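Two forms of a single protein chain come next, each set out by itself as structure tokens; they are called structure 1 and structure 2.
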Structure 1
């Protein structure tokens, strides 16, 4: 690291902060009403009081469920290094009961330095799990089962969930099942026999409020005064940042972020993008950096699809839009070809292709889902006669043509003419 360049040092420091969930969520762990405090109490009381427990962490993706859980586990492993064993499963990988039991057996063997048998049957792995829970309970060691994508484990016969929760009914066992899911009704997916053994504790994770968002901005972006960075640079950087926070344009940008997707993941992606736009020569963040970051994170999948379209496909889209503007109730491949020929005859364009080529381009637009059939009827009919509709707005088409590097001038003129009328 070049100690003579405080700007690069500051950028590295801020990037490491934004990529470190522990640093971000430590800000919200002080309050006794925080999910961090509640989850830590549930697990720590299970460890110290030698009791079984189960809890669900529910909320939209990107709201910090796993990040807070990892922060809690890290703290508890530091406090109780010899009293906790963590087993992690993911519903995307281990929703099959046999696969899940084998993975639990593998992790338990690895944790306790035992020989793992890949050839063991599902019943043998199930018996091994019950025996290990009993032995860990006698040794006053709590086994934490983290089930990510919990709702996927609740599909099928739910044998794994029943086996875990039923084994926890024993006096000798000592375990905690922690389910993580983006489905708020995950507990309602459980069978009656599983639900009766579940603790019904649920922690709800939500996107940050406006006040929390403001605290997050200051916590993540303001440079610490006690760092190795020059004091004068830190003071100027923080002063400039506070001025940006008070700027009306910046507040409008943050309102847009808040109203579209204010999850922690999206906000941190937005801040990281703004940091990537920082001018190293200037050395300070600007409102323009945040404006550029906003345009980067706003997903525009239709515009991305238009960038990959051929010239002929753009012609077909413009023809369909022109037919739509003229209030044609329906259009099909044949009517589009008539409009295409009309444009060619009127302006003598050089971009005129054979009907078979146009049909392949038409089919490609259907595959890209820029256009679709009007209904599901008529599967037996020829594609040329089935009515279709446009799945892209006029404004999106206009912006797509503007950003298209080799857009024919006539297409752009046709679009401009329609937008001004």
Structure 2
């Protein structure tokens, strides 16, 4: 570490900060209105008052639901050592009831150093769960069930949720069910009898506001003065950064990022990629870095796809566009070939390829998902006869053609003519 120059050290420090959600979210944890303190209050009150609770954490993806939860759990585990056991399930993995029960039993066994058997039936597992809840309740231990992707647990008969929530209706048990979901209507998915047992605490996680974002930028990027980095470097780095923050150009860039997607996750990825563009020789962040990062995260995949297409493929796309404009509801390879031929005949283009070659180009377009089959029927048919649809709009096509270096002028004309008529 000592051999590295301060710039590298600083970059490493900043990167590790940006990748560590705990560091980012401690910024917002101190105010009493934050989700952090509310969630902590709910969980710790059920630890200390030995009651059962169920909470839903809702909000769009990337707003720090799990990160805040992790932060709270870490704090509580430190505050009440030996009194909390956390069971984590994910709806993508354990939406099947039997599998979820087995996983719960496994984690409970692991937590309490008991021997676990894979052979146990789901009946036995659910009885084990109830017995464990009782024992833990008697020993003043709280069991926290964290159900990530909660909406996926709310499928089918919801046997798992029912048995969890029903077990929580006894005096001896002491458990908290925490559902995490990005679906805002997650609680509406519950069956009536399950919903009635759910205690309906909801915490809403929202994207940060402008002011929070400004705080976050300073919190994440400014170097700490008390570290082992040279003091002079830290001062220079920070003053440089503050200059950038005040820059009009930088503000515009941040606005663009923020306008499309204002979640924590997006902002952090943006900052990370800006940090990756940092020039190690100069040693400071610049506005250019942020500009590069912006183009890096705001990708236009369809346009980039068009850039990689061959001339023939562009021809095919234009043909499809022409057919579409002429309100041919469906077109297939054969009708496209007909159109291609007619273009060739009327404009005497030099690019005329054999049918086999065209077909290969057509298949390539299918693979790039620039075009797609209209429906899933007719798998048995050969490709030539299945109806296809264009997946990009004419503006995109036009833009793509413009940015394409060696696009034949005739294609331009064709597209332009189609749009004007």
Partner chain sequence: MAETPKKRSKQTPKHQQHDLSSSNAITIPATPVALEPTPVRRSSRLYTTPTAATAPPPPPPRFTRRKSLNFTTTTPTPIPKTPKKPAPQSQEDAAKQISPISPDRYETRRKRKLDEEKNAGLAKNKDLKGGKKRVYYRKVVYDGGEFSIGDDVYVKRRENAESDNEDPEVEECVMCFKAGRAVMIECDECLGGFHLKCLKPPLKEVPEGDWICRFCEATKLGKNVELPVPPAGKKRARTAKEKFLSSDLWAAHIESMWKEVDGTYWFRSRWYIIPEETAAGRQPHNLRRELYRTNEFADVEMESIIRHCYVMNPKDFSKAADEGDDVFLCEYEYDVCWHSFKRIAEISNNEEDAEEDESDKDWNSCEITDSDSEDDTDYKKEKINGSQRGPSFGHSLAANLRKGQFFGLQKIGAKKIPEHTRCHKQTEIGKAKAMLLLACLPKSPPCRNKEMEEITAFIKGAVSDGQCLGKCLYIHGVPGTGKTMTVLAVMRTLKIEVDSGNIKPYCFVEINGLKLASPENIYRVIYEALTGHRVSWKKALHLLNERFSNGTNWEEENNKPCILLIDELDLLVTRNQSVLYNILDWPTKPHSKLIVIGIANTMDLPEKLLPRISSRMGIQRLCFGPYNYQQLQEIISSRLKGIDAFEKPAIEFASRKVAAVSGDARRALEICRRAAELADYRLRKSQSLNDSAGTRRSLVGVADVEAAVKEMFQAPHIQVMKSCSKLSKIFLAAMVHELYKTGMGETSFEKLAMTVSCLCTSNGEAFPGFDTLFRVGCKLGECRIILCEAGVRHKLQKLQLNFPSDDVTFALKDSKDLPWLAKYL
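Residue numbers count along the first chain shown, from 1. Only a predicted model underlies this, so the values are computations on that prediction, with no experimental measurement involved. We call the rigid core the largest set of C-alpha positions that still match within 1.5 Å between the two forms.
Specify the structure that is the form predicted on its own; exactly one of the two qualifies. Structure 1 is the one predicted on its own.
State yes or no: after fitting on the rigid core, is the Cα displacement of residue 403 between structures 1 and 2 at least 2 Å? Yes, because once the rigid core is superposed, the C-alpha of residue 403 moves 2 Å or more between structures 1 and 2.
Using a rigid core alignment, state whether the CA of residue 338 is displaced by 2 Å or more between structures 1 and 2. Residue 338: C-alpha displaced by 2 Å or more between structures 1 and 2.
Is it true that residue 25 shifts between structures 1 and 2 by 2 Å or more at the Cα, once the core is aligned? After core superposition, the displacement of the residue 25 C-alpha between structures 1 and 2 stays below 2 Å, so no.
Give the C-alpha shift of residue 322 between structures 1 and 2, in Å, after superposing the two forms on their rigid core. Superposing on the rigid core gives a C-alpha shift of 7.6 Å for residue 322.
Could you tell me how many Å the Cα atom of residue 412 shifts between structures 1 and 2 when the rigid core is held superposed? Value for residue 412 between structures 1 and 2: 8.9 Å of C-alpha shift.
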